[in-house]
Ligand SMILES: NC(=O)c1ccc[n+]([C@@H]2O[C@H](COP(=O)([O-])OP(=O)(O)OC[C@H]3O[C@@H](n4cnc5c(N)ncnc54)[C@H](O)[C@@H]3O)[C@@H](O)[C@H]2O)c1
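Presented below, as structure tokens, is a lone chain in the form predicted alone.
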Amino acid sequence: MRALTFHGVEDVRLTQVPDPTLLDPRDALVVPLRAAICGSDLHAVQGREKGLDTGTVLGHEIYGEVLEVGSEVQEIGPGDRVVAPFTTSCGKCVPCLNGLTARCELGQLFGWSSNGQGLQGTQADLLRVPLADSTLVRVPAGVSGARALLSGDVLSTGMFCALQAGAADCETLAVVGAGPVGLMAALCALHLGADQVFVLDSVAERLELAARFGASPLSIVDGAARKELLKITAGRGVDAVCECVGSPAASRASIDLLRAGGTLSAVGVHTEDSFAFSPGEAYDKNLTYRAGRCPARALMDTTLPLALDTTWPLEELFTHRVPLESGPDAYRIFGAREDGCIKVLLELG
């Protein structure tokens, strides 16, 4: 089958790899119809995250059709249209029962294989899904696969970030980073009841989309956003910040925007060795810091209906729609933020 595979820093290739097979009676085989390139795919491709095996099939976002299921799979069957979160989960272990499906004791991350162990990704002609009954979510017929796919990652991650931030009780909330997750965090914060949501970025196209989603865009160039937010909040700072980048600069900016007693909700994937702020700063600000991988499967009962709500302009996230064979070039464009690229949809079927 065809697949987008990792071959080193800035080296993504369209290659032929063996078709996956059912390895466990709880497995399913799914034909991807839509996949997407995510910002977290870039961590290995751009060299910030180490350890990904050469030849790994990339990707963790999918909408597809079930081709075959193992003998113990009961909830789904061939022909079903499905979406998946970016990690598998059993639904029965203590983390799963506590709503932390991203830390399932049997869970694996799609598109991550290291030292020969792990799970191949979604950017291919066929995908093996372990723990299919508790991982896959059936999608109603006739819906947009592009919209449905978003519930498996960026929409759920945005919702998780807004929930961690306590958006429902916020008069002022800032989102640092207007990538797909940041835009979804802003949309979800407004949905949850935050009074004012500000989105900070340097890319004009992303700020324009934030405004169409109902948020107030602020440019970070020359410190303009911080000055404006301090003015709006009478010098106190905002009630909460959703940090959706995953860099020391984003962490530093977030701390500087928060009022005393504020909450920093971080869902950006950090690969640095230490925090960009000191324990003393956290103490002096009475900071609440919440971070971690989104338990997307636990949130999908909430976020899938939102994804399918056509009053939400979610398909505007997909600035680029390309076939699988254009994937290597799409990775380059997405990684360099060229051509106003916000998110890439891979159309396979």
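Numbering starts at 1 and runs along the sequence shown. Computed from a predicted structure; not experimentally measured.
Just so it is clear, the following notes concern the form predicted together with the ligand, a form of the same protein that is not shown.
Although the partner is absent here, S40 lies within 4.5 Å of the ligand in the predicted complex, judged by heavy atoms. The ligand in the predicted complex is not approached by G55, whose heavy atoms all lie more than 4.5 angstroms from it. For the chain shown alone, Y331 is not a contact residue for the ligand in the predicted complex, no non-hydrogen atom being within 4.5 angstroms. The ligand is not drawn, but in the predicted complex it has no heavy atom within 4.5 Å of A148. Only one of 303 to 311, 62 to 70, 282 to 290, 31 to 39 lies within 4.5 Å of the ligand in the predicted complex by heavy atoms, and it is 31 to 39. Of the residues given (I232, C93, A276, V203), V203 alone sits with a heavy atom within 4.5 Å of the ligand in the predicted complex.
Of the candidates V83, A167, V129, V176, V176 is the one whose heavy atoms come within 4.5 Å of the ligand in the predicted complex; the others do not.
In the predicted complex, the ligand lies within 4.5 angstroms of at least one heavy atom of each of the following residues of 142 to 172: D153, T157, in sequence order.
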